[in-house]
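One chain comes next, on its own, written out as structure tokens in the form predicted alone.
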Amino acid sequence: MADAALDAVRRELREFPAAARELSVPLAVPYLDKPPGPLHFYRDWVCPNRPCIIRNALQHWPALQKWSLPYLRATAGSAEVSVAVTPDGYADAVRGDRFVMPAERRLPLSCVLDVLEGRAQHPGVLYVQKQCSNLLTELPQLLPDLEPHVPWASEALGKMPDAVNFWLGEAAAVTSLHKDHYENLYCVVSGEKHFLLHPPSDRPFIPYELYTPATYQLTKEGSFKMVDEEAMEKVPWIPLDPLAPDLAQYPSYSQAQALHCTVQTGEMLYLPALWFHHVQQSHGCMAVNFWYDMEYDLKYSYFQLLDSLTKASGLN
């Protein structure tokens, strides 16, 4: 009897993502030709938890005309920034039986720009990706070039962003598949970002495992070694690379259906909370994103139930 009940739960979980897609997941990420009003944004995108790409949302930012690598050098080249350094471009990712975080170095922005422009070399792959409002704390010189928040989104969500983050890196810098508990407005100022997306309803097909956390350390000789973080608990993370999934090990992923989109210069992606995303970028891409804390409402509770049932039924 217990086995039959467990099989029934697994069957329902496997069928759920397709039913959710038919009801609410678009076949492709829709485009809006202009920013929506607050009511429109909340009603048509936030409430149904649907992504969209918004054109003409950044046209009034001076950054869109000003920002280039030479401009960053002239305006903020002496500013010291936190830089993630990895041997292969993957920060916060599974490597073997470890969840590995990047080596973090404090470098003048000009040193990062030297590498991006081919004037200098540095071991590994560099990515300015500090996610604790690094634009506000590390690069205040750039603040006059953009808005401190997205007014129509702030009004719709009834709050100001928790963080405003600046992103700049090499083309080899990749963000592994994960999800965030934020309503994310991701603005590309120069270059382009390539997103692979899964809705939260695909959770039964997306594997999670627990990993010992470790951090890359950069040696004086310029090589990398992994050092375990002894005091930290194991980290749940997605071991699968959606660009080259190991379907022999994770066969259920073949039933997931990813959305692919490219966010180009001057465009803004609304990435709803709890959507899984994997990100690549063009070399020297410059972006700013606004993280608004999600509402921990019934949608969140439903996802937690889906996540718990997936784990308890052994679908992982």
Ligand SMILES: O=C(O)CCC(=O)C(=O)O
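What you see is a predicted model, and the numbers here were worked out from it, not measured in a lab. Heads up: residue numbers just count along the shown sequence, starting at 1.
Here the subject shifts to the form predicted in complex with the named molecule, a form of this protein not shown in this document.
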If we test each of Asn134, Ser201, Thr175, Ser154 for a heavy atom within 4.5 Å of the named molecule in the model of the complex, the one that passes is Thr175
None of Asp241, Asp180, Glu80, Glu229 but one has a heavy atom within 4.5 Å of the named molecule in the model of the complex; the exception is Asp180
Determine whether any heavy atom of Cys261 comes within 4.5 Å of a heavy atom of the named molecule in the model of the complex, and answer yes or no. no
Just checking whether Tyr127 would be counted as a contact of the named molecule in the model of the complex - the rule being heavy atoms within 4.5 angstroms. yes
Evaluate Arg98 for contact with the named molecule in the model of the complex, applying a 4.5 angstroms cut-off between non-hydrogen atoms, and reply yes or no. no
Using the partner position in the model of the complex, report whether Val279 sits within 4.5 Å of the named molecule, counting heavy atoms only. yes
Among the candidate stretches 205-213, 156-164, 108-116, 185-193, which one is within 4.5 Å of the named molecule in the model of the complex when only heavy atoms are counted? 185-193
If you look in the model of the complex, which residues in 282-314 sit within 4.5 Å of the named molecule (heavy atoms)? Asn289, Trp291
